[in-house]
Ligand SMILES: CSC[C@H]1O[C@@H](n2cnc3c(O)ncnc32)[C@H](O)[C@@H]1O
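Before any questions on how it binds or moves, here is one chain, the form predicted on its own, in C-alpha cells.
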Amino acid sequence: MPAQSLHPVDTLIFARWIIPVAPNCTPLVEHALAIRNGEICAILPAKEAEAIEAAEVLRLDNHVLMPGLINAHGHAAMSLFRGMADDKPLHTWLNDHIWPAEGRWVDEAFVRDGCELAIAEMLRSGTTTFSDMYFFPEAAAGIIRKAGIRAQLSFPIFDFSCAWGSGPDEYLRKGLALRDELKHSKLITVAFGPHAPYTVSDDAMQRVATLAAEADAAIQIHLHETQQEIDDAVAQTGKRPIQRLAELGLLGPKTQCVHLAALNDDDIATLANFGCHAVHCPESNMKLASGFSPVEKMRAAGINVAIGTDGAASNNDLDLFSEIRSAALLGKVVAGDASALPDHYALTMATLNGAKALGIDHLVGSLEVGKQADVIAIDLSALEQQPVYSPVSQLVYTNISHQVRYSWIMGRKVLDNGELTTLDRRDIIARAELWRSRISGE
C-alpha cells in the first residue's frame, strides 16, 4: 500500500527488525509498522514509511517487533499461591495443598487481586492474550477490562461444589450467563472449562459437549496430564481418557487439550482425526514431574500445538518467553533430535498457534495488515543478547522477557518503556503482600 494513502495514522513504529510470524518468521530488516483505529494498516520499509504522518512516532533502533504472546492456558488468580507448595507430585500438591487452600481463601476479592497480579506480570513479559480457567470468572472479567488485555475465560466445571457453585448445573448456568454478558466484548471470549476427565462425570461431559456445540464455543480441558490419570481411568472404565471423551462427543476442532504429557500413538491419531488443539505447558509438567509431551510427534501428525504457563502455583512464573525456551529444549530431548522444535516453530507456538487454538487467528497471532494491533517490542541491545546473528534465535534461546519494553493491544499502549499504563504496579505488590500475610497467618 503506498505510503501517501495512509495519512494519517495513530502510531508509527520504526524497528530494526519485524518478525511477522505469517507467512513465516523471517525478519524484515529496517521496516516500520503503522497502526490506525486499533488495526495494523501497513508494514513497509522504513524509508517509505518516513512519508507517513502519525500522531505518535517511535523509533526503536535496537528492537524487534513481533506479535504479542498468547498464553493458552493458566489459572491467573493462583499467582497468590506462588511458592506455597513446591516440590510435591501433582496429586499430593492438588489434593493435600491447593484444593484445601482454595477452599479456605478463594472468593471474588482473591480472584480480582490474584488476576491483577498475574496480568501485570504477563504484560511486563510480552503476553497480550491469555486463557484462564478459574473460579469467579466474572471477577476476572472486570480486571481484564481494566487492564485492556485480551483473554479467553474458560469457566470451570466439576462434579463437586466449590466456592463458586454447588455443582455442574450451577457452573453451567453461571458460565452461560457470563457468555451472554460478554458476547459483544472485543477482548474477551468465554469457553467451557470441564476441569479434567477424573473430576467430571459422563453426564456432565455430554452436557458440555451439547451446549458447546449449540453455542459454537470452545472447550478447554486438562487431559492426559499424568500416566496415573490414564492408569486409574483404564482400571475404572476400561478406556483411556481420550477414548472416553471421543465417545462422549467432547473432542473436535474447538477442543483445547491441555498438558497431554502421557500419549501413545493411538492418542495422537485420535486428536489429529478430531482436529483438536494441544496446549503444551512444559515447565509446569516438569516441576510436577507429570511427564513429557511428545510435541514433535503431534506436530508431525498435523496437530496445532500452542503453549501455556499453567498457574503460578505450579510454575512459579508466568513468563511465556521462558516457556518457549523450555519447550524448544525439552522438545529436542523428548524427540531425540536436535532439529526438533526449531526456534521459528517455538515462537509460532506462542503466537499464531495460540491464536488458532483460541479461535482468534483471524484477529491476532501474526503481524498482517488488517489484523488487530497486538504488538510487542523487545530491546535486543543488552550485553546478554550480543551478537545478534538471528533475532528469532535470541528471542527463543536467551533470557529475554525482561527486555520487553513496549506492548500494544488493539493499538492501545499497555506497556510504555517497561512501565504499565493501565495498572498500578505498587498497589498490586502491596495487595499481594496483604494476601501473603493473611494466608500465612501473620
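Keep in mind it's a predicted model, so treat the numbers as computed, not measured. Sequential numbering from 1, following the sequence displayed.
There is also a form predicted together with the ligand; it is not shown, and the following applies to it.
- Residue 112 falls outside the set of residues with a heavy atom inside 4.5 Å of the ligand in the predicted bound form.
- Under a 4.5 angstroms non-hydrogen atom cutoff, the ligand in the predicted bound form lacks residue 224 among its neighbouring residues.
- Within 4.5 Å of some heavy atom of the ligand in the predicted bound form lies at least one heavy atom of residue 156.
- Taking the partner from elsewhere, residue 149 is found to have every heavy atom lying beyond 4.5 Å of the ligand in the predicted bound form.
- For the options 121, 296, 102, 343, the residue carrying a heavy atom within 4.5 angstroms of the ligand in the predicted bound form is 102.
- For the options 117, 78, 188, 245, the one in contact with the ligand in the predicted bound form, meaning a heavy atom within 4.5 Å, is 78.
- Residues of just one listed stretch (211 to 219, 367 to 375, 173 to 181, 133 to 141) have heavy atoms within 4.5 Å of the ligand in the predicted bound form: 133 to 141.
- Three-residue candidate spot 19, 392 and 395; no residue lies within 4.5 angstroms of the ligand in the predicted bound form by any non-hydrogen atom.
- Contacts between stretch 167 to 206 and the ligand, counted in the predicted bound form as any heavy atom lying within 4.5 Å, involve 195, 198, listed in sequence order.
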